[in-house]
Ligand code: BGC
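For reference, the chain that follows is the form predicted alone, supplied as structure tokens.
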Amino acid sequence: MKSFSSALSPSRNVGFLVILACIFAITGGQVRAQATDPDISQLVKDMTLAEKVGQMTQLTMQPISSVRGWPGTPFELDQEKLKEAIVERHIGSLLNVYDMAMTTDQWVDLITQVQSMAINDTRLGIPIIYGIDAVHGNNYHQEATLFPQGIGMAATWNEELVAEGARITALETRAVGLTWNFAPVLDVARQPLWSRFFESYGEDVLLATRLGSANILAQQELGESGYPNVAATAKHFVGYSMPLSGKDRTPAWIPERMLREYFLPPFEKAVDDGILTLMVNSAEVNGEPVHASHWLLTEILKDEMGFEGIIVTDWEDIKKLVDSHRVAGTFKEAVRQVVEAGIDMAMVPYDYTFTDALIELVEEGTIPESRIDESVTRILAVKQKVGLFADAMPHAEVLPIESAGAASLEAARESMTLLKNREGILPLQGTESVLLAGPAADAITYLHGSWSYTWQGMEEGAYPEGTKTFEDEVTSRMNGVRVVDWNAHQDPDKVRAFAYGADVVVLALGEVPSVEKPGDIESLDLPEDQIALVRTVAETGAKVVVVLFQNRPRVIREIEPYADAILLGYQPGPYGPQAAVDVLSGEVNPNGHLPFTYPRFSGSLVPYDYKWSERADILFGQNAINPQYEFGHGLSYTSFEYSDLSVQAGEPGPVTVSVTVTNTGELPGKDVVQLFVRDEVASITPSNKRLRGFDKVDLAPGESAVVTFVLSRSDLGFIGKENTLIFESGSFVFMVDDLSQAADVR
């Protein structure tokens, strides 16, 4: 647990942490009341209708700004507009930046002005809760530590690393006065075309659920003040990641059974973990915009799951009910729909149209004021739980967090996924002549992705001075490296001339960062100019090492035969160049594993847990499942052997599965032990296999470890015909690596 104050002595720190641990255990993660905290129910009674509705309103920075923030132009508040928002309109929340990340001093100044006005110049002194998309570090804070994007963190299969990254992000976010983080993304990414694929924890529900839980618990861990570091946000509830077309914010068609099987579990776990806030899917599911769905937001989320925090809209999504979804004829009618559905706070975010419309709806009797009281109570309770009434001000004196850089580097290293290594070409020996080429070689944006200092992450001038490129790291650490500038790749003769003189050609390929609607693409195929570059180089006979920095799995079918080695780096952040070269040079043994199925074709996007009918044609015996690389795939410079698979399925009691894993190579290494289970026969067509457990082991050469998984009957269950979780006894097959064992489970 990290500290926001260096004033406590080590011995006092220990005692204080013990007390907090006891409080946390006793309250089930809920924060204890402080002497400075108000009586929420009384506070709500004391509020006027305008003050209540103001608390339900969230504005972005533009309406209170006089100057936008951009390279060379610091952001400035407009004091009159700020006064209108906070004092006259009583708004409860602000979010975002005006285009670009700000410095520590700028954030401290901004938050101090905002909170001082809210506390000192309003009748009730209610502080603002300020929200930010700190999705891979506090990416709108110039001095904060960025981490690999979510899909790279998922490739580590390491809950401790995910938790440490989330904890550091929360500490650095809180330090500058930001108390609400719009993360983590809990969307299970089963559609690789989706432009926000890189923000997710992959295609498997168990992996996404466990890593999401680790993130949430770390963000909301109690600091020394006795309050959570920040309020985390589970987003985007629900079904956002499965658009039928693959395009962002387009319709999803997900039967309730599938919704409950694959998409709701991460959110259910988040609620069980005490998540304080939740953001709603901007799109529609089965013809119903989620923002207007009473069934999803109230009946399932609030009533069934028991969620007690804030439900916030996404960006301008009330307006979209009129303009995009066409379920409301007027904005006022859209406001009625979302409030009756269960929304607590509106990310409006540019004006007071929501405030005015909701006041009218209450005054005319369409919406009872008691419904407003419910949302305001939730909002004020979260403000209280996160400690805003006790201390709403920044504490930047705790920066920098000493362990932050090392944690980001370790995450980048463990995310690196070696997909191919023909004849053991990697690691490089250091004696080779190396040629470096490709669009991602000297572009820092490829390695960071979106949500990096700006929304799309493409403004290189916004990145901190000294941010390294992959080229910087390769040329400084490898001998005799020659570089082909990407602008010169159009000249095949020039590329060939350089390649003929090289033992190894390292090609840094990938995808220009993009997110949300700007990230919509028509095909997963790698761009033609990159495919041509690989072919040109391969013609020379040089060894080819491809390093991929990309948002999502771009199809590499055409270049894979030409590549001697392929390293998938995802979007690893500022320490990505070092981590990638660490792996190429052998200083780090790669141990990342795919958190998704890597497709071979754009038109064949089948996840690993496919149904039997997708696999084979009984008449013709064809196997339709042919990915480029399987879910969970990842190579190492050492070798691992699995043995002694044992399944104990006694009745009654849990099923216990154990397996021995041995490092049979010459190098220390880490491997992910993945337990898959197949239900042989079920009343709902079973998957060919499902991930039911995983663990990461670190073994010295010759060392063995016994890994044990304990599964309950519900762990082996599925959503049945009545749309509830059921377990059916029968034959199950338990699989680890190439071992399998059948067992009868009753």
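One rule holds for the numbers: they count along the sequence shown, beginning at 1. Computed from a predicted model, the values in this text were never measured in an experiment.
Heads up, the form predicted together with the ligand isn't pictured, but that's what we're talking about next.
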Using 4.5 Å between non-hydrogen atoms, is residue 671 touching the ligand in the predicted bound form? no
Report yes if any heavy atom of residue 347 sits within 4.5 Å of a heavy atom of the ligand in the predicted bound form; otherwise report no. yes
Exercise: residue 236 in contact with the ligand in the predicted bound form, heavy atom 4.5 Å: yes
Does any part of residue 249 reach within 4.5 Å of the ligand in the predicted bound form? Heavy atoms only, please. yes
Heavy atoms within 4.5 Å of the ligand in the predicted bound form: which of the stretches 499-507, 628-636, 157-165, 313-321 has them? 313-321
Answer with one of 356, 99, 516, 221: the residue that has a non-hydrogen atom within 4.5 Å of the ligand in the predicted bound form. 516
From 307, 263, 197, 451: within 4.5 Å of the ligand in the predicted bound form by heavy atoms is 451
Taking the ligand in the predicted bound form, which residues of 277-292 have any heavy atom within 4.5 Å of it? 279
